[in-house]
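The structure tokens that follow cover one protein chain in two forms, given apart as structure 1 and structure 2.
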Structure 1
Amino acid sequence: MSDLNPTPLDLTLDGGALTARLVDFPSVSGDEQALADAVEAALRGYPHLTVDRHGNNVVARTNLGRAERVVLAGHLDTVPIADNLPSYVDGDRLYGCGTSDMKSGVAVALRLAASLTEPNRDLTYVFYDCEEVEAHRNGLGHLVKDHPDWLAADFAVLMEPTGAMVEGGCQGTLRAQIRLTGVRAHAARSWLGDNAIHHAAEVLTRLETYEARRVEIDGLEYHEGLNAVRIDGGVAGNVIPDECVITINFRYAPDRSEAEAEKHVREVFDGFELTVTDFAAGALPGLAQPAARTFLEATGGRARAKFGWTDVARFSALGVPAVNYGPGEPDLAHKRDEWCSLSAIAETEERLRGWLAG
């Protein structure tokens, strides 16, 4: 499909037009090389930037010796195309795969990279691959592991679709399995066995009566949740089952560490066999940081907590407070009729430019 893009990327196009160019440059996860090449080539054309590359991840930065450094980051990949290319404009809407998630955010970052030759804060632009697939393939994760110095900063803005609203931090997620055991027997002589499924009653009662915590951090309200996401038990229609496994998912506010989250879950299910299978730490919103405070003012002062886990947590793990802020519509991500508002693209760029060039 590369014939859709015979010419190099022109970063002087307006935000909507540049978004359309990026959208018409297909880059489904795993197939980002051509787009990463184009992004790298375009950025190397600007002498105020130094450019590094690692795999299909491109990092550009200014080196002006400013007191603060800010990261603007976005992923290059999209979910699979669903008959929604090439892009087209209808009124204020640009339709197509990746318009909201998140080539509009990438376009804004690329335009700022090209045009902000003398920003008031040093800037690091990060474009990475494989955000839409398994965590171990995530390009930002590879940069964290192999080149954490490239990501050093005081604050980071991930330009994921937020409807041009600041979303602070993210909640952590922990998955665990609770295993109930019993003794197998023929159902006709059930008293010779011990029914493992029945022992799940107490676990599910604790879940049903669990009161999820709400907590305010940096002015944002987080809302936890503890849920069974799977239950499996049974051997055959005439057998008393000797095992039942409940998978639980704890979504926790970013004021808890991974260890604290695990301790809490173990307390809730005290007396049961519990194995943690899967962990992703949350990220504090960091809105009390100086860079964040001015960012919040520049973007209109509105912010809300982010409940789902996002890549901001990867910055958080490096000690870099991070927020999500982008022009895309979060509810349209991964939808066949995905679109992005052209005015939101322009507004997002204007707000960021006001913050960084003011």
Structure 2
Amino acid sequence: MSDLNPTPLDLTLDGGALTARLVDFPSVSGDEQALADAVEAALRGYPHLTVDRHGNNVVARTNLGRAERVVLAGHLDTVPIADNLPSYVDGDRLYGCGTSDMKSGVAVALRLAASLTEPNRDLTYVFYDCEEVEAHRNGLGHLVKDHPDWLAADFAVLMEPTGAMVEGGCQGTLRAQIRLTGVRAHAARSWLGDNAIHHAAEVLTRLETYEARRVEIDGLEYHEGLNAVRIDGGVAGNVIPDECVITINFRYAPDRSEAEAEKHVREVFDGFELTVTDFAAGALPGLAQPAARTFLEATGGRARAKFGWTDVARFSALGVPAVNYGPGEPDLAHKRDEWCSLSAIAETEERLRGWLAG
């Protein structure tokens, strides 16, 4: 294995080479300090930027008095390394942990931060920690809570892997448990009991016959989904169970509020004991905003709905329309053989540069 000791970041490297340098900075969630230090040090070398830091979250801004402000954001952490460091190149592919998710996007943002001294919009660059772990550790969430003024903007681009295609907004997600009860008894005398697991049949039937809503927002079609993701029940091989718990997950379009999503789920399972255990609000794509329209034009004019939840929802909660756009391939995220196309890195940077410098 090559030397992975941290060295200063050179933001004048081309996008692929800078991505490789970032990948060779191991930064598994919770261990981002060395990379955050390097990012901060590199950005402080550019006088056109104001640089702030909160924990292992680094924020750099231009202050040119432009009519609009745009945020480019990316997380510094990766999932655990899977014998996929150091990085290496094979043809147009750069392999290594975090190449797609999302150090290629971070590299593009860092190069733009260093080189766009007179952008046509004021820019805020956000590099944050702990995206790949529990939500309460998320660095962007800490910035939202402690320094929301640092994130004020008219539009935001989260440089998550999208295959260099705009993915608008994100779905919300709700998890809940449905608890079914019965009466415990010996399995040899089952008629003396009431099997809680058997009561799951009605819940599963409702799920099986559920018709998921499709809704168009800003020209993007979001497809909802309501599914059982876990069933827990049973006591022993000779006992009629008196409890069964079904965990369900509702992925809902961003035109629903959290309250509306919960109301819908409770209506579907009317008559059952249901407890909501987890919520994450969705984010509207905001493609009707002027900055979003020009961004879409500059990046090829194509967009699709984001199926899943991302940190664009944190910007949406601040009233900042946001999209996902990055060079990485979402299907390669977290894989042992994770890679990113070098040409996609160059293309993403070129399109963003044309939008912000044109």
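In this text, all values refer to a predicted model and were calculated from it rather than measured experimentally. Counting starts at 1 and follows the sequence of structure 1. Whichever C-alpha set is largest while still superposing within 1.5 Å between the two forms counts as the rigid core.
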Have a look at both and say which one is the form predicted alone. 2
Verify the C-alpha shift of Ala236 between structure 1 and structure 2: is it 2 Å or more after superposing the core? yes
Comparing between structure 1 and structure 2 on the rigid core: C-alpha of Asn195 shifted by 2 Å or more? yes
